[in-house]
Every structure is written in C-alpha cells, then in structure tokens.
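Just the one chain here, the form predicted on its own, laid out as structure tokens.
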C-alpha cells in the first residue's frame, strides 16, 4: 500500500488531489477492511452460491452482498470449491456454481482465496473417491487423479485466486497423527499425498500463497491436535515441502457455562502463544481463514451473550494480530442468518448462535466492534518474500 502524506499531496497535481479527496470522502473509515488495511492486512469472508433471490449467504442476496462490499476485500468459497461440489465423478468437473462466484467477486474488485484443493479427510471425500479402483498401479493412478484436480482448478482460475488452502485438516485431533484416506493408501502414506499436493500446487500456481489449513484451536482439549500440526509443519520443513503459511481456522468457542469470557481467554493465552511462536519460529506465515465464535457456554439472553462473544473474540484477535506474520483475516460468514453453526452445532436451548459480526437481520453486533478495534490495534503486517 502506498501512503500519501500531506507533503506529497501538496506537491501533486490538482487533478490527483481532487481524485484522492473524492475517494476519501466516499470510503467509510469504520469498516473492517479499512481497519485491516491500516496495518497492511486484508479482511474478508466466506461466501456462497445460491439461485438469484434466494435467502442465502450469497452475492445473489442484495442485503448480504452489501455487507461483503462494505467490509471485505477478499472472499473465499464456503463450499463450492470443495471436491464434493466441483468433481462429481473421476472423469468430470462441474464449475457451474463456482464460476459465477469468481466472476462476481472479480468484477466487484475482491481478491479471492481458494478452499480447498484437498480436504484430506475420508468423511468429506466424494463417494466415488472413497470407493475408487486405483487399478494395478495404485500410486500412479492416485497421483494422476490428484494432479488432474489441482491442475484443472488452478489453471482455470489463474491469477484470479491468490491464495489456496492446498490441504485441509490432515491431522486427526484425537491422536495427533495423520488421517488415512483412499489416496494415502494408494500412494503409500499420507505424508506422500500431502507433499505431492503442495509440490503440484506450486508448479501449477507459482504466484499463489500455499496454505496448510486446520482447526487446532486454543481451547482445552486441543493439545494433541496442536502437537500433531506442529509435527506436520516440522516435517514439511525437513522435507522441503513448499508450504508458505498455516491457516488457523479460528472457530473459537466457549463451551462451558461462564459469565467471564475474558478470564477464560486469559487462561488460554500462554499455551496458544507458545503454539504460535513455534509455528512462526519455523518461518511460516499465518492466515486466519475461518473466524467465528461458538457461544454454547454463554447465556441465551442476548446482551450478556454478545458481550461474552465480543470479549472472547477481542482477546483472541489481539493475540493473533500481535504477530507481524499474520496476513489475511477472514470470517466464516458475516451474518448469523447463514452461519454454518446453526445447523452443524445448534445450541441446546434452541436460540440462534450469535457468532458472526452481524445478526440475522444484518445489524452490526458488539462482535463487529471488537473485531474492528482488534484489527485497528494490531501490529503492522510484515511483508515477507516467499
């Protein structure tokens, strides 16, 4: 970003001054993207596809599109780039939903992240891939399928996508080991698959940031998951695997009853900082890829719940944003109306989770204010060459 100070403005032409003044007058100064940009970062969100006029977290919904345009610089598909969505069969791709998303985003000036080139988890493989016959030379056939997928996606979108979650969730949180899949069994091990995916992605998209993305988090019970991710990152470095950054999903949560979210955050901070120090100490950058707050341990009453969510989020983001290695910050949706938490992890009391910056009626909540303050107060992002 080029900063224009008063001296430069006075030295410039009258036309430049008028144009700069007009842009400044039109640009909101209290947006999440402006707060992030003030420290050299970008703020963004997941978004989705839906038919025109549908009530979904999609650019086709004018109210949701307005939130994206107001607060975001970068977007990521929530589901429409995953294998289940774009590869219905071994010999067939379907980009009919993702293409319009890319077109709308680029036409409206957004940068794009890609999620994901390989979700390394059998549960989320398409059925055909779990049941595929890899033939007499399984390693060769599995590598061909993986190469074809990565090459097809990256070459179709070229420089329109600047950053990829190349591999998603390869570590088993219960054991800290790597998950086995049909691809790993065919290719002789999960590490072989992951290295192959990153090397193929580097060759196919040399311009792009390549990210390993996972949901290890700072709450209690995640120690094995964090340890497994650290081991994987160490092994990537040892093997020379071209991984640029760790994607920290950041679906943070308060799961046990509490009235003091700040105290919970303070207790969790030391171990979380130790984890981040290990990651950055290996030379990795950080990306917050899927931020929201799971509020199951907070009361149903909106005011104290919103305060707890905001306090917890502010403490977490203050830690993350104290690392100059942190780049993009993306929410996993902007409105509670469309949050994945409503279906995937509903509250037992039946009230709607309030983990996004805007509520079901697109009204800003205290969480948005906490995010704005944290982004504005973070350290300047370091520009690190790959």
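Positions refer to the first chain, counted from 1. What you see is a predicted model; the values in this text were computed from it and never measured.
Not pictured, yet referred to below: the form predicted in complex with a small molecule.
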- Message: At 4.5 Å by heavy atoms, is each residue in 82, 249 and 332 next to the small molecule in the model of the complex?
- Response: yes
- Note on the structure: In this chain shown alone, the residue from 209, 290, 295, 71 with a heavy atom within 4.5 Å of the small molecule in the model of the complex is 290
- Task: Consider the chain as shown here, without its partner, and state which of 149, 97, 196, 278 has a heavy atom within 4.5 Å of the small molecule in the model of the complex.
- Result: 97
- Region of this chain that lies against the small molecule in the model of the complex, out of 37-45, 316-324, 58-66, 332-340 [heavy atom, 4.5 Å]: 332-340
- Within a 4.5 Å heavy atom cut-off, is residue 125 in contact with the small molecule in the model of the complex? no
- Task: Mark residue 168 yes when one of its heavy atoms lies within 4.5 Å of a heavy atom of the small molecule in the model of the complex, and no otherwise.
- Result: yes
- Message: I'd like to check something about residue 272: if you look in the model of the complex, is any of its heavy atoms closer than or equal to 4.5 Å to a heavy atom of the small molecule?
- Response: no
- Message: Contact with the small molecule in the model of the complex for residue 119, defined as at least one heavy atom pair within 4.5 Å: yes or no?
- Response: yes
